[in-house]
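We begin with a single chain expressed as structure tokens, specifically the form predicted on its own.
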Amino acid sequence: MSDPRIKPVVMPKWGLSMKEGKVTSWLVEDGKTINVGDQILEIETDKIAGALEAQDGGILRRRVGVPDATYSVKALIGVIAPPEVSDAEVDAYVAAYVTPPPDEGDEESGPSYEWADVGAGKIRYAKRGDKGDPLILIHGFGGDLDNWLFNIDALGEVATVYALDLPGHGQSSKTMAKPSLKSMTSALAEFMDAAGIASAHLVGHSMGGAIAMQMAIDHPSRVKTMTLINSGGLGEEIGSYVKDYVAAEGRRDLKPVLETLFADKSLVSRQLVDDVLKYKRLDGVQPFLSSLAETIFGGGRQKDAPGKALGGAASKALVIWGAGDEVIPPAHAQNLPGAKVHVIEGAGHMVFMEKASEVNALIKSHIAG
């Protein structure tokens, strides 16, 4: 039986397809006292680079993971233990550690994704957790369900979580005739019907936030709460991101566009840029994005303002914003009277990735009422 005083630091599983990660660098030294949520080392995956946050507090007794080395998911990369645990006991724990097999439901154990049929075609989605109310994660313009790789499992601890690729995005169908805020919202409602979801907590990022608000207007009984993250639909102003994203044709054009999403520009890895380019080059994507951009963001402004029509439903909303947002002005966080508001320093438009633990905790508290 392992010593309960010893807490392993393991290679996390960020996203449904992650099988391994590379330790880039440690941010703390052996012997350092760390708290839950502290960033302790940087990891690079085939999708994105990010900092691993401590899940347990205590003293970092051993850094097992070696910089520039690659480890499988759940492999031991560090040890946390109190001072009364001897070095010999820590050594024995490291020597005896066996990397656990994949959990049931991991990609190796079966399909990672599911599919739903709606009027706009097929919708790809992922499901995590089986307790609590349904919660739906709605990505932004040009994104996909993998944007939520730092959130889906954590939220799945308290809810039954669905993350979907909106029509025209990710691996969902690219055949919607006239993409608009209204048609995307209708597709969300049809997805809920197909998945047997009567009502749900909606968590929307950027354009996804505008869709969540429109859903609350069009189908109020189907929305339990809304979490609006750097949300569209709360004001007219918007930066050049959408226009530049649509126009970008190569890595040199796209990388600086994607960097505007993050306060920490180093999070935009070469693989992330390549993945986005691969998506943009799929048949039907470019005309779809161009049409959607013109309908919702034409003329360099946000044409839809569902926030103004929410009325009393605004009391269901939690607004979260990254203070360094270069895409939508952080001042828009204050444009929904009646909502709870949290502005987070040190993060940009993708605050739910850059400050995942804080955002996850806020969402869990909000949906708990």
Partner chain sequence: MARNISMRQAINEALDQEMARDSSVFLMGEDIAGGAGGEGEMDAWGGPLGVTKGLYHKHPGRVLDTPLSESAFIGAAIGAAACGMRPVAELMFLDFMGVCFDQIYNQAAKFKYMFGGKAETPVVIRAMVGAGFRAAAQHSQMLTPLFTHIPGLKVVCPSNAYDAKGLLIQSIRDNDPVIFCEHKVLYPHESDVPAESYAIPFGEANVTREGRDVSIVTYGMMVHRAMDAAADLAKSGVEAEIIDLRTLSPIDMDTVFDSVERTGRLVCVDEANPRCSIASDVSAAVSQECFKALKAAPRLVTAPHTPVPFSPALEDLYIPSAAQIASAVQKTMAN
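Numbering follows the first chain given and starts at 1. If you're wondering where the values come from, they're calculated on a predicted model, not measured in any experiment.
Missing here is the form predicted in complex with the partner chain; even so, the following discussion is about that form.
Visitor: Just to be sure I understand the contacts: of E294, E157, D218, D274, which is the one whose heavy atoms reach within 4.5 angstroms of the partner chain in the predicted bound form?
Guide: Only one listed residue qualifies here, and that residue is D274.
Visitor: Consider the chain as shown here, without its partner, and state which of G299, G250, P83, P101 has a heavy atom within 4.5 Å of the partner chain in the predicted bound form.
Guide: The option sitting close enough to the partner is G250.
Visitor: Only one of these stretches, 233 to 241, 89 to 97, 251 to 259, 179 to 187, has heavy atoms within 4.5 Å of the partner chain in the predicted bound form; which one is it?
Guide: Flagged stretch: 251 to 259.
Visitor: Quick one: does K127 come within 4.5 Å of the partner chain in the predicted bound form, counting heavy atoms only?
Guide: Outside the cut-off, so no.
Visitor: With the cut-off set at 4.5 Å between non-hydrogen atoms, does L282 touch the partner chain in the predicted bound form?
Guide: Output for L282 is yes: heavy atoms within 4.5 Å of the partner chain.
Visitor: Does the partner chain come within 4.5 Å of any heavy atom of R270 in the predicted bound form?
Guide: Flag for R270 set to yes.
Visitor: If you check in the predicted bound form, is R222 within 4.5 Å of the partner chain, heavy atoms only?
Guide: It does not: once the partner chain is placed as it appears in the predicted bound form, R222 has no heavy atom within 4.5 Å of it.
Visitor: So in the predicted bound form, are Q171, K174 and K278 all sitting within 4.5 Å of the partner chain, heavy atoms only?
Guide: The answer is yes: all three residues contact the partner (heavy atom, 4.5 Å cut-off).
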